[in-house]
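Coming up is one lone chain in structure tokens, specifically the form predicted on its own.
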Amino acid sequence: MTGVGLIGTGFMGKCHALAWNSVRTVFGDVEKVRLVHLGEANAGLAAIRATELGFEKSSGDWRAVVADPEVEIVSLTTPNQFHPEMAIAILEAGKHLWCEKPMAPTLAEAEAMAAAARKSGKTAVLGYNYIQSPAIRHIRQLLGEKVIGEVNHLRVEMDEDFMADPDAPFFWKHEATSGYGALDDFAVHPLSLISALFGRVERVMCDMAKPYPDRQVTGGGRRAVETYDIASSLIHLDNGVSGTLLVNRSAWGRKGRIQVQIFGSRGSIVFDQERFNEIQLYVTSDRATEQGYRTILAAPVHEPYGKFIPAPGHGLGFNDLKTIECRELLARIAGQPARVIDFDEGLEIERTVHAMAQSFAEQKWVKVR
């Protein structure tokens, strides 16, 4: 029985715990896991979370999780500025790693993490669960079958409004230590979809903006915002497809939007994460009298939807994607085919983000590498 450790129990930490608790029940073809050791910022919080999430032991020191000989896989869900030290320590301890995105604030740190993963020989994957959507998997199949012909243009947007309120106080995502802002917080998700559907980005041209230059500080006064909540990029892929990537953390009314529009020579595909159990498909092969976007509802024919629900149109949820990702992680560890973004593929995403930031700074097109 594989032993699991968890470091960090915020939003994504709980998602990981739910996935570990449900993966065998949903899929049935993976080994039962044992939730061994949970680490948090202090011992009291760790003990509470361990009881809630079903872990046997808890600690106020993440190093205790890494050192535990009963832990074989670690879920790392802390803010990304803590990833490099923790991830490298986990890999050097000979444990498999499931790390949330993005990899790290700097490219050098991400490169060090990828090097540590290669040296360890262990499985190290990143938490890009949107690529696990049955709808995204089906879109990949449609593209492979050239249902919409040759793809010539791509538009991807990610918007949320959790930072849209100008009166909200300054918090850690406004600090430069967290990264560039919307680029590494948000753009990595659309880039993961681009990677899964098309491959590498070849060159970029980027602009960034701060909708609110400063924020109020709890206790009085104001502090300058150090990150950019809006980013817009022109992109060219290795395969010659042109595209745009737009991200905004201050977009009132948008809650979890990742819209993908794919245009081909014989049709187009539209997907929106806020309605991620649907695909919009337009094909020119339809009679002119019936041409228009058709709605395809996720169903058991779109694997692995049927592992969760036997009836079409009932819909999966965000946490279900994490459970699928967990199953793919276990498959990769077992040496089976798996669709995950490992540290090397994740490093390409990081390189693209840093190329976009360089483009903004230098006001020119930049090759990713």
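This structure is a prediction, so every number in the text was calculated from the model and none was measured. The first residue of the shown sequence is 1; numbering continues from there.
What comes next is about the form predicted together with another copy of the chain, which is not displayed.
Mapping the unseen interface onto this chain, W252 counts among the residues with a heavy atom inside 4.5 Å of another copy of the chain in the model of the complex. Proximity of M205 to another copy of the chain in the model of the complex: non-hydrogen atoms within 4.5 Å are present. When contacts are judged by a 4.5 Å heavy atom cut-off, G335 does not count as touching another copy of the chain in the model of the complex. Shown alone here, H302 lies within 4.5 Å of another copy of the chain in the model of the complex, counting heavy atoms only. Contact annotation: of the candidates P79, G199, P211, G94, the single residue with a non-hydrogen atom within 4.5 angstroms of another copy of the chain in the model of the complex is P211. Segments offered: 114-122, 67-75, 270-278, 191-199. Contacting another copy of the chain in the model of the complex at heavy atom distances within 4.5 Å is 270-278.
Within 4.5 angstroms of another copy of the chain in the model of the complex, the stretch 283-316 places a non-hydrogen atom from each of T284, D286, R287, A288, T289, E290, Q291, G292, Y293, R294, T295, I296, L297, V301, H302, K307, F308, I309, P310, A311, P312, G313, H314, G315, L316, taken in sequence order.
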